[in-house]
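Here's a solo chain for you in structure tokens, the form predicted on its own.
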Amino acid sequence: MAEYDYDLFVIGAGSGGVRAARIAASHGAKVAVAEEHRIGGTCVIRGCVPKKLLVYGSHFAEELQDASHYGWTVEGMSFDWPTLRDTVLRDVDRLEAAYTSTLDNHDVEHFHERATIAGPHSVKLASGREISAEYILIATGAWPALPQFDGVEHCITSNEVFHLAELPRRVVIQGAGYIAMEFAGIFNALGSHVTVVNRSDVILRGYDEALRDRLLQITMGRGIEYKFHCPITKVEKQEDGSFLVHPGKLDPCPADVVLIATGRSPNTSGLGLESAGIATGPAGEIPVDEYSKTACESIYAVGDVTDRMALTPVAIREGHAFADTVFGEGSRKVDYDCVPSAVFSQPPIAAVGLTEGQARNRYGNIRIYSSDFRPMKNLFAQRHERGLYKLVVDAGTDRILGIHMIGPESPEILQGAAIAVRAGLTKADFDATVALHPSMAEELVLMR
């Protein structure tokens, strides 16, 4: 008889967990997965995928406004939030079914209940059943972090925002990271009055300063209001169901929805890690080595629950590398250098490699090339918004150290450019490439 019930038990059926389960099963392992919410995890169910669909939906407001300048007559224009909301939620259902089918097609058993660690080779389901496994993979992701203040129970997070009964007239968002800025752009485009409150005066910490300043300028021009150095101290519910938000020492502002977007914490609370001798870090993260192994030899962790890079494609690569290492032939690690990222703000930001500040600190002598231009798409619009592309170059080797972009379709353009940075190409390689005209992307090879 087998020593364990399964070769691998995965806790969490998000992007990283599903990939690890599928690859491990393809290597011949007997695999099971437990998921207490919905199969697909944060990105598919309550994160980047449904949010990106809301971004697409909100873009039509801008497109329809500009249509008349291109000869179109649009009559009777109106927007219905429930239609967009329900269309997005139906696609979430479709994706959940697709992820479930992936598990089924690879003979991965799945339990729709919470699972916790009961020992180095044991998990306990919420139903009380204990299951043994030679290896355990923790892929429980992260969960929205809520600050403590009076009335926080009246606020929502990015988990609940996709289920609003109606489009709010007034939205207050606490936080200025990518989640906050993306939803600020969505609600602003759909016609809500948006106020962003933040404990500092920095938005999108970690992105290049020039891009952050440009986004702040553009979004203020679009009507988003900012209140800096004043986190929410209290939220009061009014008789009509609306809220009165107290941002620091400033005057209170009315809101129909208060969205807290102050970051996410690794989802390790009550997971039973101590039963396997695993201690979490200061933010609740699980420390792992370069092969995703925890302090316990038989337990691994991937994705946002760890102390590494919190991006869905990274979690997928970590899950794949883990399965290949433990159940395939030979060990495999994930390279975290030159990982591209994007913020689907309006306009969007995309970046790969070092910012100007990071490059100066690391290399000292660098060169900066930039293109500050008005996208052709905006020429007939009433908005005078400008795009900004920036190349960070090592002056000694001419190698491209970073690319940073803000403007329409920046994430779509950056993916290809990220390959060039990853490959170590030089500014001379960019200069030698013929421009694709007319396009915004050609700006990348025209900077002198």
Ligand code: NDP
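Residue indices: 1-based, along the sequence shown. This structure is a prediction, so every number in the text was calculated from the model and none was measured.
Another form, the form predicted together with the named molecule, is not on view; read the next lines as being about it.
Undergrad: Is there any non-hydrogen atom of P147 lying within 4.5 Å of the named molecule in the model of the complex?
TA: Yes, P147 sits close enough to the named molecule in the model of the complex that at least one of its heavy atoms falls within 4.5 Å.
Undergrad: Is S200 part of the interface with the named molecule in the model of the complex - any heavy atom within 4.5 Å?
TA: Yes, S200 sits close enough to the named molecule in the model of the complex that at least one of its heavy atoms falls within 4.5 Å.
Undergrad: Quick check on V343: any heavy atom within 4.5 Å of the named molecule in the model of the complex?
TA: Flag for V343 set to yes.
Undergrad: Please tell me whether any heavy atom belonging to D208 falls inside 4.5 Å of a heavy atom of the named molecule, as the geometry stands in the model of the complex.
TA: Result no; D208 lies far from the named molecule in the model of the complex.
Undergrad: Let me know the one among A321, I179, L273, V352 whose heavy atoms come within 4.5 Å of the named molecule in the model of the complex, would you?
TA: None of the other options qualify; the answer is I179.
Undergrad: Within 4.5 Å, heavy atoms only, which of I368, L250, L167, A310 is in contact with the named molecule in the model of the complex?
TA: Contact residue from the list: A310.
Undergrad: Using a 4.5 Å heavy atom cut-off, indicate which stretch of 281-289, 256-264, 186-194, 328-336 touches the named molecule in the model of the complex.
TA: Residues of 256-264 come within 4.5 Å of the partner.
Undergrad: In the model of the complex, which residues of 92-121 put a heavy atom within 4.5 Å of the named molecule?
TA: None of them.
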